[in-house]
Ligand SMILES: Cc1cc2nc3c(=O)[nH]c(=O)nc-3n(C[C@H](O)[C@H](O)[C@H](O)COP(=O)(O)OP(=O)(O)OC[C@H]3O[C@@H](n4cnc5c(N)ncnc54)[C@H](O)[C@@H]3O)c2cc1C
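Coming up is one lone chain in structure tokens, specifically the form predicted alone.
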């Protein structure tokens, strides 16, 4: 997921840091070989205000030690007291679910060894550790008036897609194309009976463009569709062409977003979002 330095780019107006919520890690769950779930809560849960949208996300803030900033940290003060290379950075993650009665929320992390910041932290997190984040944000909601629904995602967007599938009307129909490394990374997802789930395995089809190729070849229903397609940046560019050029969809019917870019660090990916190569739409 994209990394965001606390500072704005040179010459840009500085936005005040949003207040942080400090939760306690309650448990760690190994969902698949490459996906870890962190469930957090504790006495500060009342400070978390859920957002009324399907794809709700937060920004987890990490210090130079690779761990979430400590409880009570002031981001602006940390920036004032430290050289730029030691400023906190954020990683953006979907809030998979919220249980207000139990005072818990869950965030799922893709883990690939020591790669990145958030994944390794989640892989080694233990009960009692601090989870520090700002938010939530988000805007996407399921359109209950759509005739059918179409989803396309890799594992980085699997939590957001899973949340969207669960929010569908019970009578919903559609398709979801979900790209993961292999069969062991498949998850049990809750979706209406009329929504077909298609799992795509890179181990079995390593040629580039697996997700886009599969979506382009998919049968297409009549009627008004709502599309949710999120994942690797170049794959989303290919899907942009499928949805807008090939299928002729209106922009308002498609939620399309790049979460990461192959061959780029998260910081480089975030910086490129302001350049032509980084733009999806």
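Numbering follows the first chain given and starts at 1. In this text, all values refer to a predicted model and were calculated from it rather than measured experimentally.
There is another form of this protein, the form predicted together with the named molecule, and it is not shown here; the text below is about that form.
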Proximity of residue 261 to the named molecule in the predicted bound form, heavy atoms at 4.5 Å: yes
Contact label in the predicted bound form: residue 176 to the named molecule, heavy atom within 4.5 Å: no
In the predicted bound form, residue 110 touching the named molecule (heavy atom, 4.5 Å): yes
Residue 93, heavy atom within 4.5 angstroms of the named molecule in the predicted bound form: yes
Among 204-212, 164-172, 84-92, 187-195, the region lying within 4.5 Å of the named molecule in the predicted bound form by heavy atom distance: 84-92
Selected contact from 75, 125, 118, 180, since only one has a non-hydrogen atom within 4.5 angstroms of the named molecule in the predicted bound form: 118
